[in-house]
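Take a look at this single chain, the form predicted on its own, given in structure tokens.
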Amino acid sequence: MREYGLYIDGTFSPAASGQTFDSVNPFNQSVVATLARAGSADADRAVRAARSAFDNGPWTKMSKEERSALLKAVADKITEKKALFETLEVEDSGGTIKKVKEDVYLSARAMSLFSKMALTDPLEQLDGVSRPGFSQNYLLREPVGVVAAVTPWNFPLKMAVWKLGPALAAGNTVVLKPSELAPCSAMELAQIFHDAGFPKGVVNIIPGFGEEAGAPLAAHPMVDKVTFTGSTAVGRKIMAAAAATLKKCTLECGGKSANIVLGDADLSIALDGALYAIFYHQGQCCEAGTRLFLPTAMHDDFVAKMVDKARRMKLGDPTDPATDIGPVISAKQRDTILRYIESGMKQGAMLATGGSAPKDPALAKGNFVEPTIFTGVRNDMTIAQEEIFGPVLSVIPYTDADDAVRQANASIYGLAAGVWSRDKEKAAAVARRLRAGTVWINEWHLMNEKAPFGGYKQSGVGREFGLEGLHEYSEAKHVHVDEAGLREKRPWYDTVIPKS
């Protein structure tokens, strides 16, 4: 069995309390690894190590080329150890082998891109700020300082890379707290950073529970920025904790994404796209297409075909390449999903398929929920308004595009959305009216590290990826350099200072 310590200041060590916890396989309940359980004392030690590394260590004195080379070494090592990461991602998070193979590849690709982004020139000339001969002006982007990163369990490796990569590329030091439900990939990543030769204290990774290790990071006075991916409820708590010292925050939170099928859509693509939008990774995606809006004329036929395909999805061992639907992360999460399903039925929604844990004895140990589709859903029902984070789809009819847009925007969330149509101009017109940070046209789930990702409304604050995401980890400094020279060329002084 694997064992992992805390990674702080370049060494692996036990928690100050001596406590440990187990990471459990959601398919068969076997123990994947035993890990040191970080507490507030460990969080403090990690932050102080990151602070010292930023203020006094060699990291901030390194050239951008040196930082880039270190990050590229990490990207290469992820590729080299892809078989290990694939195994850990399946065992730790319950992701199907089909999914995690892509996740590991994309994680290495993302870190490679972040290594290139580390070469971004931090200085930008500001033209036209003053008259020629009076001054030069430039914008200097400097690292924020110490970054506290808190990541979820649904994409353990990808989320760790998505936080660490841009933070380090911008020149910051980092303390990462992975989810206690799937921490193993992050700890293997710690070994990679260690072996790559990152200076002590630049990267610190402390597995543990939110209240014990995450909350102290968000409130720590030596932390300059918090970056978090998770639920909106926890995001609010982190933002409140960060407010005491006005920390910068990037928060990627919940979603209830609207998926709109227009009347002229290619149904063969839209049908599979709608299933992919909701049932990919058992619906455990913040931007999953959980609300499907269908024109009343096509509603019944579309739903019937979708139900037929959903019933043929294979639930099973996530290591089996034939498995379509794996377990959800925990028994607690499974029970939460089942309660939402019960509430949908109580509020009058009709269960078209699914709705329970499977009866197959071979799946009895796993945290499974059947792919579930509701019809007769009103947009104000609980299942249409709250993030369920499971394989539960709410199908909502609409009369025209205006009605679809109105209902789609009637949510506290605004992370993602989708539009399906043969007429791309018509789809684009609808997309522009949707209050969401990402809108796919005839597609879903595809993200790229070069394009910004984040949410409107209570789906988050700030953006990840692209230059926008890189800049979230920097402070902008305007530098004004005088070129006027002589006193008589500065008539504005006369507004305050008497002439001699």
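Note that residue numbering follows the sequence shown and begins at 1. Bear in mind that the values here come from a model prediction, so they are computed numbers and not experimental data.
The protein also exists as the form predicted in complex with a small molecule; that form is not presented, and the subsequent description refers to it.
The closest non-hydrogen atom of G230 lies within 4.5 Å of the small molecule in the model of the complex.
Under a 4.5 angstroms non-hydrogen atom cutoff, the small molecule in the model of the complex lacks P318 among its neighbouring residues. Among heavy atoms of N259, none comes within 4.5 Å of the small molecule in the model of the complex. The closest non-hydrogen atom of H220 lies beyond 4.5 Å of the small molecule in the model of the complex.
Segments offered: 396-404, 418-426, 93-101, 153-161. Contacting the small molecule in the model of the complex at heavy atom distances within 4.5 Å is 153-161. The candidate spot formed by K237, E252 and F453 lies fully in contact with the small molecule in the model of the complex, as each residue has a heavy atom within 4.5 Å of it. With the partner omitted from this view, the residue of C286, A270, L168, M187 that lies near the small molecule in the model of the complex is C286 [heavy atom within 4.5 Å]. Distance criterion of 4.5 Å from any heavy atom to the small molecule in the model of the complex singles out A215 from the list I337, I192, A349, A215.
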